[in-house]
Structure formats: C-alpha cells, structure tokens
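Quick setup: one chain, the form predicted on its own, written in structure tokens, and binding and motion questions come after.
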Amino acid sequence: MHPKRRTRPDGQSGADVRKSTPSQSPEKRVSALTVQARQRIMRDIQDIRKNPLQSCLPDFSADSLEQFTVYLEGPKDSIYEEEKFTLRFHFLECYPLDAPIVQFIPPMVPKHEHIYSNGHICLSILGDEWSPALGIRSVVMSILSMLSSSKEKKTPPDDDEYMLEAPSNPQETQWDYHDAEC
C-alpha cells in the first residue's frame, strides 16, 4: 500500500486546524521556544554528541535551537548506500509535546515511496504517532530504518498530484499510514 493524503472535513488539505494555515512557511510557525523545549533539545543534542549515530552528521552550529540540519549518508548495504541527503529540523515552542517539523532539503531527496519530491516525509512518528518520549535520535533512526528497508527507488504514486497542492509545512498534511513495510 502507499501513503495517501487525506483532506479535512472542510475540504482543505491539512492535518490539524490548530496548526498554521497552508500559506505559512515552517519558519513563520516557529516561535520562541519554551525553557522546557530548549532544555529538551539540548539534552537530545548532548545525547547525539555523546553517542553518535552511524551515517549521521548533525550540524548544531546554528545560532538558534529552533532549526538545524542533519546530514545523512545512505545506510550501508542499502539501495541508498553512499548517497548523501540533508534533513532540516524545525522545533515548535511546545517540543517535545509537538513533533518537530522534519523534511529533506531538495535537491538531495531520496527517491522513496514515502518521501515526496519536495522533501516531505510520510512517517507516522512525525504525525499522529508522535510521543514526547521520542526525540531527534528516534526521528533520525526511523528515517534511516525506512531507507534501509526499501527495496526499490520510486516516488510515491501521488507525488505529481501532491506537489501541485502541497503545503510548505509537511505537518499540514494528514497522512494515511497503511503500509507496514516501510
């Protein structure tokens, strides 16, 4: 099965009405982080610095904790081996209660049935299945696992359609997660 976008009852694309409107970029949604969010992000960063993830090089050198990039190498022995990708993390003021906004930065986007050409990732822990117990490490490990398990490089079947109306913020898309293989 493939991921599919759903629409809200009001007919517009998007997930939760309490989130920003599709015309707002992730940068405009990000506001000052709470003290708790800053502390949690710092703990996540310290954990990754102390116990680095294979195939992952985070760049925490930005002036702000609200946004940073993570450079990924395709997992060893996968169809993405030796390929390089870049993820962008945006943290909202209520992190870790709210999931971070995570997407691949084009043009370095893996061709994968759950990753759209604009870098949006259909991954349950970035949406409905997010838990405050998860963090940066969990997200990166889930994405690496998703890439490792892929057997074929292909875009999602509705990639062209999605690209025509995709919001700039992937959290404004409510995904149907009905594929247990990735």
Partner chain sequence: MDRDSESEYEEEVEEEFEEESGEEMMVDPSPPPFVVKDSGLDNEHFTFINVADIKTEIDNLLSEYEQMFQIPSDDVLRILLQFQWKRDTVQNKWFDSPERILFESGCTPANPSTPPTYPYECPICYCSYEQNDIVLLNCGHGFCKYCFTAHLKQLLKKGQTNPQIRCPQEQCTIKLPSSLIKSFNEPYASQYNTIVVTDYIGQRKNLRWCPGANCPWVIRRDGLLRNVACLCGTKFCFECGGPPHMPVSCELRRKWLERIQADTENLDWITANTKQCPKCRNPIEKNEGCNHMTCRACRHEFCWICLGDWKTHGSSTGGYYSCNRPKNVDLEKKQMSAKARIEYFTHYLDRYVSHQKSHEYAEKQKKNILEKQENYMRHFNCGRKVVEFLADSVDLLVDCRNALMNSYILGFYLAPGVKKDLFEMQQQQLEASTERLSELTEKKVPDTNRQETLDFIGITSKFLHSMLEGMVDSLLVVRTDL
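Please read all numbers here as calculations on a predicted model, not as lab measurements. Positions refer to the first chain, counted from 1.
Not pictured, yet referred to below: the form predicted together with its partner chain.
This chain lacks the partner; the member of A62, V35, A32, A133 within 4.5 angstroms of its partner chain in the predicted complex by a non-hydrogen atom is A133. This chain is drawn without its partner chain; in the predicted complex, the residue among S138, S117, T69, S148 with a heavy atom within 4.5 Å of it is S138. The candidate spot formed by C94, L97 and E129 is fully in contact with its partner chain in the predicted complex: every one of the three has a heavy atom within 4.5 Å. Among heavy atoms of K153, none comes within 4.5 Å of its partner chain in the predicted complex. With the partner omitted here, the stretch from 153-161, 40-48, 53-61, 109-117 that lies within 4.5 Å of its partner chain by heavy atoms in the predicted complex is 40-48.
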